[in-house]
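So this first bit is one chain, no partners, the form predicted alone, shown in structure tokens.
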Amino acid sequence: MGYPHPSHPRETPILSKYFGDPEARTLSGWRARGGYEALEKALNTDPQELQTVVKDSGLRGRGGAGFPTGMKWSFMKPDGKTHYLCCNADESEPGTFKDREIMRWTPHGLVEGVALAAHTIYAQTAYIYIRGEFTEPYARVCAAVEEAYAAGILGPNAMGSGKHVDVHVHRGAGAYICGEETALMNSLEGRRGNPRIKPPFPAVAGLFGKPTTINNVETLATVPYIIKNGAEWYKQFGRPDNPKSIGTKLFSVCGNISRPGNYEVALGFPFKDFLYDLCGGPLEGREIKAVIPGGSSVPILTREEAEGAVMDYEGMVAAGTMLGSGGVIVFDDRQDMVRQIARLTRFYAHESCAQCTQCREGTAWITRIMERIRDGQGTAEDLDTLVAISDGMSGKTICVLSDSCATPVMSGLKKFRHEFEAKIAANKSVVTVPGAFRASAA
């Protein structure tokens, strides 16, 4: 578990092993713990061979989409073009705070992973795009990069290999949308952080129009362990009956839970054991009502659904949701789900880049209606309107922010409709006109 809490005996601490260890932050401390051994090995290995090892390991992107990392890297060919690597450290998904801890406690682990990945995709230049609000992580990562350059680990002759690897740290301005990979690239180029239409995909025309790979902090920090220990070593973690979800994953836990924090477990871990054993269950005298298992943009689970779920990509899909970023948000039986969902829609409405009509208008209208219902001003027609607007927003925009707003509304209506109806039934003073669309509360 993330500092200051000790790891639970049922955790598998790999990335989190040195959380809370201040010596691991320094170059000398990181090297004493085996740091940069994987990079030195990689710099003297053919990139295609490294891609094969990562592909064979089964590592999937830990930022939310879960795309196979080795396959993504295989799109980058030795074509003589300038290639770029972008590390997405713009962790902004509500409920998610794992990447922050990697950068706070093991910044050299991230720098090593970034440099290794850059070499593997034939890139000489890598950018770490870090969320603007991450003041301490930003300072730690900048210090690690400076130490790495001073020691000759980075630069025109990285670790004496003759390979050129540069790493730059770029600080964002706090826009959630810049966590979307193409918006991140626009921001790096000095443009407005709006997502781009795909195709072309980044591997063809990405940063500055050149082939680019974008990976998450947790993904890149994992790679040195795989290169150092081998694909077979990594494949020991996970469910034996599910070869599609391999390795360990960091989960951030917050909300109405006894022991919030970051936990690292092997994929395939029973969600019920995770919530009640590792995290200590709900607060005394309360019961869990609902859980969001992968950051605020994935469907909500009821207590019964959560207790029957398995913590891997396929297990969460089978439960009707997604693993996402691993941001676990717990709601107990005191919580008003209408109010909580309204908070989420307000966030997405605020963070929309407003490029797509469905998102710009849809997030705003959903928020108005949700807040009207929350405040006891809703009507029965509002529920149908929420469904209609959500349907018009889903799968129809350049990026998935619009879907992220619609998802908690749709899953909330499906599983907690009685709470919506109770608030509407309590509204005795509203006179409705059949078929009317009320733009705002009276």
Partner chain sequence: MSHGPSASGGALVAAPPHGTHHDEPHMPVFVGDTRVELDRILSRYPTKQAALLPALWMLQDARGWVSEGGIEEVAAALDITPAYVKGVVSFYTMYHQHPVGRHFIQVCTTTPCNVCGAEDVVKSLLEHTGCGDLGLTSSDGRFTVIEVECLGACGFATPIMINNDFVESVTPESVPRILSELK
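Not measured: the values here are computed from a predicted model. Residue numbers count along the first chain shown, from 1.
Below, we refer to the form predicted in complex with the partner chain, which is not included among the displayed structures.
Might residue 274 be said to contact the partner chain in the predicted complex, defining contact as any heavy atom within 4.5 Å?
-> Outside the cut-off, so no.
4.5 Å heavy atom contact, residue 192 and the partner chain in the predicted complex | Answer yes; at least one heavy atom of residue 192 falls within 4.5 Å of the partner chain in the predicted complex.
May I ask you to check whether residue 169 falls inside a 4.5 Å heavy atom distance of the partner chain in the predicted complex?
-> Because a heavy atom of residue 169 falls inside 4.5 Å of the partner chain in the predicted complex, the answer is yes.
Answer with yes or no whether residue 260 is in contact with the partner chain in the predicted complex, where contact means some heavy atom within 4.5 Å.
-> Although the partner chain is absent here, residue 260 would touch it in the predicted complex, with heavy atoms inside 4.5 Å.
Quick one: find which of 311-319, 86-94, 157-165, 225-233 has residues within 4.5 Å of the partner chain in the predicted complex by heavy atom distance.
-> Only one stretch qualifies here: 86-94.
Assess the spot marked by 201, 360 and 373: is the partner chain within 4.5 Å of a heavy atom from every one of these residues in the predicted complex?
-> No: no residue has a heavy atom within 4.5 Å of the partner.
The single option of 353, 290, 121, 153 touching the partner chain in the predicted complex, heavy atom within 4.5 Å = Of 353, 290, 121, 153, the residue with a heavy atom within 4.5 Å of the partner chain in the predicted complex is 353.
Pick from 104, 239, 286, 303: which residue has any heavy atom within 4.5 angstroms of the partner chain in the predicted complex?
-> Residue within 4.5 Å of the partner: 104.
So which bits of 117-147 sit within 4.5 Å of the partner chain in the predicted complex, heavy atoms only?
-> Contacts from 117-147: 127, 129, 131, 132, 133, 134, 135.
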